[in-house]
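Below you will find one chain, with nothing else, as structure tokens; this is the form predicted on its own, and questions on how it binds or moves follow later.
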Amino acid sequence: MTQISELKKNIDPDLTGAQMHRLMEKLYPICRSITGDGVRKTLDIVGERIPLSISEVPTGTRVFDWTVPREWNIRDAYIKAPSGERVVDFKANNLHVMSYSVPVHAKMPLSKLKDHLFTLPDRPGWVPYRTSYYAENWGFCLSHEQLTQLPEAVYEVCVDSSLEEGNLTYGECFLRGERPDEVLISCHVCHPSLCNDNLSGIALAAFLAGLLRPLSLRYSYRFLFIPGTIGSITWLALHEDRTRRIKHGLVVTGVGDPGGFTYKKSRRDCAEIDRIVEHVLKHSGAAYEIADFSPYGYDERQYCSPGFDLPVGCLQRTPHGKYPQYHTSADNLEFVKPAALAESLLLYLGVVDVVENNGLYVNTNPMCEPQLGRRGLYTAIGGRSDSFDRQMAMLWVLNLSDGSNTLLDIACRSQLRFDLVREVADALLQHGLLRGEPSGRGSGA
């Protein structure tokens, strides 16, 4: 049994899911955006669980075709009725303010104010999430029910924010393995109080890094906690020389909803990480779909841009925009489920297990089948509930271990679980019927 298999066996899903959910509860009230103190507070809390290196990239820094924007911070915002009542209050829900709203303090009639109000008429009880990162504007988001209840009047409008020279902030957790080749795990930290699309990815990445940290790892692992789009572009621009080390990568987001899994493949379409995730999903027992790459979505589109073409996919549950709660106040702590969080974490661990233990072996006795009985290998199989599968796994490993097929290749071709193929390969190695060691070279690499 591998380190990670043993780790998975000892995880209590109920306890772990509850712990992940509690981390999200702690992060939920923070108003995050692509820059600002909300990101810093978020990284401070993540840094209580895992070691984080924090980087600050100044406003105006050129990052390929983009420029690091001015830093945005907000202290308060409201719409106040003539009675003095706050009918829309940022302090009650940080989604009420359009992210990156410029400062404003004015009085205006409702007819004029409506140009700056955003609602969801088809979901009248929910507050939408809106941004204006790269065009100076201001606005408020509220439920359509709230809007319809506002009488014609003159309202006081205040956005107490700042948009100034500052920094873009991101965090990294680097776990050094035996080799410099890296596995990249990337999540975004730029959304305010949204749970599935933001906090679930942060929680999973933090817990996964914490679980892997004490292990002896073959690969090095780099966890990025970055603002969406501009964060990955900035990181890639500042570390272009380092990207050649990335051999596998996943963007983690939307892993807390109760839906099935979705894996969006890398631009390469058949990179080893694509084959690994599909194999793990196939044998997970969970509902899943495999989606082809498209240049739209999360930060995988930056990692997979043609100048880099990194082997990075996106492993999530229900895709963005495919559940009604997406980018609304309904994406809250009740929507995400501890059981779904734990299941997602275990699936990611399953992927890491294959990444770490895929290898290339050579049959040392390739002239017909070796006699397994006199070596005690059939005896070791007997009496097990999976004895037939184990016997078939041994035959497949012996037949295909010709120096050109990895254990993943063998598992996929035989339709057997990777952990079973790896386990029998270990047994054959111990009996001198195989030689070689994990190489990490897959047919799709």
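No experiment lies behind these values; they were computed from the predicted model shown. Start at 1 and count along the sequence shown; that's the residue number.
FYI, the form predicted together with a further copy of the same chain isn't displayed, but the following is about it.
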property: Of Y326, Y219, F293, W72, the one that lies within 4.5 Å of a further copy of the same chain in the predicted complex (heavy atoms); result: F293
property: One residue of P109, P366, P124, P82 in contact with a further copy of the same chain, assessed in the predicted complex (non-hydrogen atom, 4.5 angstroms); result: P366
property: Contact stretch among 307 to 315, 341 to 349, 201 to 209, 248 to 256 - heavy atom within 4.5 Å of a further copy of the same chain in the predicted complex; result: 307 to 315
property: is_contact(T148, a further copy of the same chain) in the predicted complex, heavy atom dist at most 4.5 Å; result: no
property: Interface membership of E56, a further copy of the same chain in the predicted complex, 4.5 Å heavy atom rule; result: no
property: 4.5 Å heavy atom contact, R267 and a further copy of the same chain in the predicted complex; result: yes
property: E48: touches a further copy of the same chain in the predicted complex, heavy atom cutoff 4.5 angstroms; result: no
